[in-house]
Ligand SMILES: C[S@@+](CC[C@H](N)C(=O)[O-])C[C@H]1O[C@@H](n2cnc3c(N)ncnc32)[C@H](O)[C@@H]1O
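Only one chain comes next, encoded as structure tokens, the form predicted on its own.
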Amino acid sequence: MIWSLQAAADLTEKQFDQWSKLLEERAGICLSDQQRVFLQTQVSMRMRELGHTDYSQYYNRVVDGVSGMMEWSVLIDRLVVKETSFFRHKPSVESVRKHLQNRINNDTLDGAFEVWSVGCSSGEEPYSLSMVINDCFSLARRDPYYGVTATDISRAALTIARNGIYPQRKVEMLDPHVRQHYFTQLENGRYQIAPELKDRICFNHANVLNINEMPSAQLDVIFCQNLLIYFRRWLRHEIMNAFVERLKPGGILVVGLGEVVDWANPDVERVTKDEVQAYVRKAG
């Protein structure tokens, strides 16, 4: 097809504004003008696959009823799936380990240790959290009584996460004992996550914009990194407040360092560590 060989036309100002508004309304993501090329590239690639030659024509397809929502789910995968890694920000993951160790040492662990990984992408984050949580229970010689709920807006990323199979480049940078304990090398050189971790994680499709419609289960840890930065400030604050409502007294909220500023909530206090941005829910 001649179309497939041609460079896509540039988005007009009106078209960019139209697509940006749709992305913000449905996913909360606020695009800057500097991200126009990224949006144009991803949308035009999908248009080529479908044989569309006009941005407005494709937009009308995306917003048209049930079939439009199905197409939107394909497109949003292209727009939000980001490269991630195991232990991406190690100090944040380690803050969860220390929190659980303190709870075990002080005998204040009441029931199951419940964690929510928000914006889990292809699974590296919740699996990393499960590794350190499992280590804590093992070190204390206690049964691993915990659960991790992991959510993301991308169905394609969740499929990878549920399979728990990763290429060598994702695993080779881990400490050898972590790799040996929690992975099995497959014949094709890829690595499979250990069943003891997979069995503790429930992967669900969810949009954090709809957090007020989600079950308000009380959690020990809410871990949300590299997600809120894409939202407007007022929306970040609204979501943070909703997170606090879902924390148990003494539970912690961990977000990306510097992702949320000028936010305060009377029910939490900031953990005094420069390398992490975390908050503890006050008792009572």
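Here the structure is a predicted model, which is why all the values come from computation and not from measurement. Residues carry their position along the shown sequence, with the first being 1.
Here the subject shifts to the form predicted in complex with the ligand, a form of this protein not shown in this document.
Annotated contact segment (heavy atom within 4.5 Å of the ligand in the predicted complex): 204 to 212, selected among 181 to 189, 100 to 108, 204 to 212, 141 to 149. Though the ligand is absent from this view, in the predicted complex it lies within 4.5 Å of a heavy atom of just one residue from 62, 240, 39, 29, which is 29. For the options 161, 136, 153, 115, the one in contact with the ligand in the predicted complex, meaning a heavy atom within 4.5 Å, is 153. In the predicted complex, no heavy atom of residue 44 sits within 4.5 Å of the ligand. Among heavy atoms of residue 227, some come within 4.5 Å of the ligand in the predicted complex. The shortest heavy atom separation between residue 85 and the ligand in the predicted complex is within 4.5 Å. When contacts are judged by a 4.5 Å heavy atom cut-off, residue 58 does not count as touching the ligand in the predicted complex.
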